[in-house]
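What follows is a single chain, given as structure tokens, in the form predicted on its own.
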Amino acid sequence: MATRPDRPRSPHLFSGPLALHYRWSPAMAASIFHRVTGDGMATVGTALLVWWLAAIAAGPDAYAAFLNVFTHADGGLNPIGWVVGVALTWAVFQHMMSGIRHLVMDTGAAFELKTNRTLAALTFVASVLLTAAFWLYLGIK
């Protein structure tokens, strides 16, 4: 049985040389980042919390070793501390903004395409602004 080269393809498959049938949208990105930030906070955040609690329980030397990973001798954050701190803070705010978006959508609102895209994009804007405001506030104190 010969196959026909002009046979239509399923819409979920590639068409042409690796071109996808769908385009990325803010709603897709918000959904993916909601899952990623939730997983990141659950794994990285929990591991750091357990490490911190274990270091406190183990005594001053273990706690000093924990602090040396994330801070300088003067108490300021080193590059690792900045990256982990800002990343986890952004993850909290991004997950929270996306959760608020989902809460609004659970009421039956914001399903119109333009409104949905706008709210999805606003989750990223709000999370970046809240993260910057949080770290600026910490810097001022």
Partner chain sequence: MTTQIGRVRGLGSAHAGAHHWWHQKITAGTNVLLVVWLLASIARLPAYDYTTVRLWLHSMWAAVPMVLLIASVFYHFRLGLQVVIEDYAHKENRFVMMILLNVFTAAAAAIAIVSILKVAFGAAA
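Positions refer to the first chain, counted from 1. No experiment lies behind these values; they were computed from the predicted model shown.
Here the subject shifts to the form predicted in complex with its partner chain, a form of this protein not shown in this document.
- Taking a 4.5 Å heavy atom cutoff to its partner chain in the predicted bound form, the contact residue among A57, A65, I80, L113 is A57.
- Although the partner is absent here, A73 is not a contact residue: none of its heavy atoms lies within 4.5 angstroms of its partner chain in the predicted bound form.
- Shown alone here, V92 lies within 4.5 Å of its partner chain in the predicted bound form, counting heavy atoms only.
- Although the partner is absent here, V84 sits far enough away that none of its heavy atoms falls within 4.5 Å of its partner chain in the predicted bound form.
- Taking the partner from the other structure, its partner chain in the predicted bound form has no heavy atom within 4.5 Å of any heavy atom of M28.
- Looking at 116-141, the residues that come within 4.5 Å of its partner chain in the predicted bound form, counting any heavy atom, are F134, Y137, L138, K141.
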